[in-house]
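Before any questions on binding or motion, here is one chain by itself as structure tokens, the form predicted on its own.
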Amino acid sequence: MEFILNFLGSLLNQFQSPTLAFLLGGILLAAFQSKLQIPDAIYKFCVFMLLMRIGLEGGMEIRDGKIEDMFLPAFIAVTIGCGIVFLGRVTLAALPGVKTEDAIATAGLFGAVSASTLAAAMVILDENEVFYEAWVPALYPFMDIPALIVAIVLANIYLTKKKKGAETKVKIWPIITESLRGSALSALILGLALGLFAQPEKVYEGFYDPLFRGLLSVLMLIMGMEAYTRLNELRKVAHWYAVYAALAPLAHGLVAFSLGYVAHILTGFSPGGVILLAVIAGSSSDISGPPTLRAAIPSANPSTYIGSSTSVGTPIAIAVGIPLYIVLAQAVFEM
């Protein structure tokens, strides 16, 4: 009983993080119909800056560290990303009132990764003085790209079989190249490349790193407002999407936490790295995923997968998932 009380007390303390406060503040502003508006250009700039900072730090760490340490966590990331989509195909798609292509697109978005959720977790870990390998955020594309590819392939296979006599083949390479051209992955990969092959320490320390927390707070505010607004879209589709969006982030995150613990035992993967792996798995793409899926699966209803992710999945992944994994790590690893 004492352990449970300590666990709940620690979990409550995590909610006092400034990062979570800005997210909840945005939700409250939208709920009270505030007329506050933040231009889309500022949102895109914040996302770019956050991803460049994450990429630069990860690239510099990979350059100076042991790349073999990444192999097992990267394999786990790929496995989880693909597994989430396959699981959504056989579970969410089987529920009443759920169209198969909508279910696959939703699972694809939840298998992909949210840059904002990842950035929020990094700041909260820093606030709690929890160490993690700086290359862990570079696992982002290892989960994001495979999940989107698997979702698009499964949707195209389903829709092709649905058309009698159709023999259209699904081409994988165009899907990969389109994913890599997305704004989020482009910024992250550019940052990784610069960190690996250049000497960006001065611009990193003098520009990107000092602005990181401030820009993240603006992004959290925007996401909170967007989350509440998207609730209206989600009400128009089957309620199963809301159930999935509420349960999936924590289920995916806990599976990743378990596999990360195995990596910790086998390779010495840090507890902070395990937490970030769980956060990545529990997030759902809010930048690269929606436009990619909208273009590749045009028959899927955006209100289902974007509404599920933005209005329910992301707030739960940030406000509940991150504190949960930190407290769980404190208990498991005796941090």
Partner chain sequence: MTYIATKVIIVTEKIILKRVAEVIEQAGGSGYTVIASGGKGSRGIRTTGSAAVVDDFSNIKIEVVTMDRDAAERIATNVAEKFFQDYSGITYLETVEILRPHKF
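Everything numeric in this text was worked out from a predicted model, so none of it was measured. Residue numbers count along the first chain shown, from 1.
One more form of this protein should be noted, the form predicted together with its partner chain, which is absent from this view; the next part is about it.
- Only one of 267-275, 289-297, 23-31, 48-56 places residue heavy atoms within 4.5 angstroms of its partner chain in the predicted bound form, namely 289-297.
- Interface membership of D40, defined by any non-hydrogen atom within 4.5 Å of its partner chain in the predicted bound form, is confirmed.
- Contact check for E226: a non-hydrogen atom falls within 4.5 Å of its partner chain in the predicted bound form.
- Using a 4.5 angstroms limit between non-hydrogen atoms, K44 touches its partner chain in the predicted bound form.
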